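Only one chain is shown below, in structure tokens, and it's the form predicted on its own.
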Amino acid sequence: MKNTIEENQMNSTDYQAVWAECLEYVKDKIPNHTYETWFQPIKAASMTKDDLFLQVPNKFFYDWIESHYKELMGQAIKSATGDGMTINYSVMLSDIPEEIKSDPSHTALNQTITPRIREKPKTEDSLTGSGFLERGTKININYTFDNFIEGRNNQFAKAAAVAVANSPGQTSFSPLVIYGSTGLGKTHLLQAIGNEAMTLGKTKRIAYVSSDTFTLDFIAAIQKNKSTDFSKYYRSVDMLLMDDIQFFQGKESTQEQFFHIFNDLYQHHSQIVLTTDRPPMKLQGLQDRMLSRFQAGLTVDIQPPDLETRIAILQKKAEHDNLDIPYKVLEYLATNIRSNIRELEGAMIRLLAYSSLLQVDIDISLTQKILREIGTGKPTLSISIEDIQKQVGKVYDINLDLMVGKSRKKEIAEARMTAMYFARELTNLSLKNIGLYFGGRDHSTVVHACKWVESRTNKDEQYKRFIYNIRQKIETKA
């Protein structure tokens, strides 16, 4: 009689291949830095017919994955295997330092995780029962108006979103088009509208979908001769929430289908909300008649958040996840990452992961390391332009008056250009503002100075070491 485990156990190639497919699926759904922080460290250990066994660095990792990416993991497994599986986690003892392993009483050795059973995902039938909408993205219940941080950059957009959630189809805000750069909260607002409308019982049928998923479903419907069912499904909803309509670019048949669905919903006073990365009139590759429809309602934008709003976003996230992070660290992150909320939150997550894995405190030094590794931001919290001028002046043995004055002597001009270079590298000041600190010089002078230093650094190894030493002095003394 064969051993049951032997019957069910898959070989290493099978489970490694399955996990590799899962990772490929996940990688397409989340930012790269998030993928590298939370998914690359996970290792596949084994697999049976119904179970996949994964190893995580520690319990912190497990808790984070379960609380933030549980649904995504389920989708990845289903995509890789065509069916749901139970995912079991355990801690990698190989990642625990030797000094901890030698102490059997240490809590790190007792972090083996009791497997949490995941129910196999049930097949979702669309309202038409055709099955081609199974890939449709569900609304994330974590995206609400309550946890959306309001600032001057998004105040109008949020007010419009709240209005359509409270009275879907009853305002002149249909379609509501929300536009802005990547990572500023468009998707959060879009799904918050759906969550609020459902909570208030304002609508019965909501379809939330990305333009890419809409396209894939349309193609699947054509392949299965169910185009009529596809159209009927979308025409039957009370609220259509569509993300990233810019990706309709060049897809003529999909645009044609969406155009007729849009018209039908509009005529029946259904609520339509769309997001895009630029104003509708600047969208390329979309039919003029579609662009005309998009501009018939209300168009609102979301701008990059100011410093106070960025800090508030980080504080809210830390509070939500019961994390104790020093205010100075949050301020440092918010100061150095200015344009993208997703990148801002990703940096904080990476910081937490490092702290957990390396068992070190979260402080400014660790934060600087993280920002350098992800190539984001410039350390400005503790370095001022006055610090730079002072340290550069010491190295070249000239005073501040000479540095900001009109002298063109070689050593003075070189010191001035070096200080300008570090001002651009180590602060977030604009080129114009940097010039003001150097006797009111214009931005082109600063650009020339930076290019001069960079060019010489690339050609002269000794000068490169000289510049490196100055940088060390500035960062140490600041």
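Residue numbers run from 1 along the displayed sequence. Everything quoted here is computed from the prediction, not taken from an experiment.
There is also a form predicted together with a small molecule; it is not shown, and the following applies to it.
Heavy atoms of residue 185 reach within 4.5 Å of the small molecule in the predicted bound form, making it an interface residue. In the predicted bound form, the small molecule sits within 4.5 Å of a heavy atom belonging to residue 154. For residue 301, no non-hydrogen atom is located within 4.5 Å of the small molecule in the predicted bound form, even though that partner is not displayed.
Residue 345 belongs to the set of residues with a heavy atom inside 4.5 Å of the small molecule in the predicted bound form. The partner is not drawn, yet in the predicted bound form one stretch among 230-238, 403-411, 139-147, 352-360 has residues with heavy atoms inside 4.5 Å of the small molecule: 139-147. Contact with the small molecule in the predicted bound form, defined as a heavy atom within 4.5 Å, holds for exactly one of 341, 272, 261, 76, namely 341. Between the small molecule and the residues 249, 181, 167, 295, the one pair within 4.5 Å by heavy atoms in the predicted bound form involves 181.
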